[in-house]
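A single chain, nothing else alongside it, follows as structure tokens in the form predicted alone.
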Amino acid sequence: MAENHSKTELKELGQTLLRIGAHLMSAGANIQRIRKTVERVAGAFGCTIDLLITNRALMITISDDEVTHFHSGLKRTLPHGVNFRVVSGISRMSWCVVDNNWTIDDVNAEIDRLIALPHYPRLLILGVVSLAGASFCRLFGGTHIDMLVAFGATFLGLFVRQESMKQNFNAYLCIFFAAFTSSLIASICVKFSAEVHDQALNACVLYLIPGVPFINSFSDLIHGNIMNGIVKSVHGLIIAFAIAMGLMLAMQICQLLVL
């Protein structure tokens, strides 16, 4: 790769690097992975970067090896979610840039392809997540009837969350609606059937646990990204609070909560 770039080339590369970082951030990657991936791609083009990553935006300054030109840019990130297919795809792409001397157009084309990949069918997601809830119920010592209740409660709760997200409700409200729906179904079964036990209620909201935010928070904190780690911790705690409120309200309605 050429080590001297025109100002236009640096601007184009800088925008591509910001695009890579923004998609990694919105797909659930931690700060360390984002920084390493962006630096790897920049290094393959013979450039050095200074990268600042916050929870809602990325700022970059890119220059060639002889610092004859430089470019600075900023890009806001999309709403955060979890898409490991995008994270792993961009990571593989960054190594292809190093090994196969990809051009900037190749990189942008690959990003477009990864973003356009179809999601799993909705029914498949509902079924697999519900099966996971039923499996956790079994691990907790639940019976086959408890597993069936956990499966149904998880299925309907996740369905409510998906529908409320389509209506553009606040993300934390969507989690509250889902937790309340799942908990209410399981609580009613526990209340009015002697064959359904607490294990079904315990397992029906586990699909909402914010595992990725907490793991990324810990990773960011131990790598010195204190501010990003704190932000993700607070995000995870708010999700946990929404789950607790939904669970408490459902149990209170069914008079299962002892205060």
Partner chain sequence: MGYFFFEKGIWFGSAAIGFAILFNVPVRTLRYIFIIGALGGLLKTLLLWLGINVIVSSLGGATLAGYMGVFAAHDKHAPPMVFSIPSVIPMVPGVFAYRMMLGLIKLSIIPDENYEKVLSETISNGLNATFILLSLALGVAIPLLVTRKESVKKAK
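Positions refer to the first chain, counted from 1. Model, not experiment: these values are computed from the prediction.
The discussion below concerns the form predicted together with its partner chain, not included here.
Only one listed stretch (199 to 207, 43 to 51, 227 to 235, 58 to 66) carries heavy atoms within 4.5 Å of its partner chain in the predicted complex, and that stretch is 199 to 207. Contact with its partner chain in the predicted complex, defined as a heavy atom within 4.5 Å, holds for exactly one of Ser135, Thr77, Thr143, Ser164, namely Ser135. Judged against its partner chain in the predicted complex with a 4.5 angstroms heavy atom cut-off, the residues Lys36, Ser91 and Leu139 are in contact without exception. Of the heavy atoms in Leu173, none are within 4.5 Å of its partner chain in the predicted complex.
The closest non-hydrogen atom of His223 lies within 4.5 Å of its partner chain in the predicted complex. Mapping the unseen interface onto this chain, Met248 counts among the residues with a heavy atom inside 4.5 Å of its partner chain in the predicted complex. Remark: Phe192 does not count among the residues lining its partner chain in the predicted complex, judged by a heavy atom distance of 4.5 Å or less. Of all the residues from 79 to 114, those having a non-hydrogen atom no more than 4.5 Å from its partner chain in the predicted complex are Val82, Asn83, Phe84, Arg85, Val87, Ser88, Ser91, Arg92, Trp95, Asp99.
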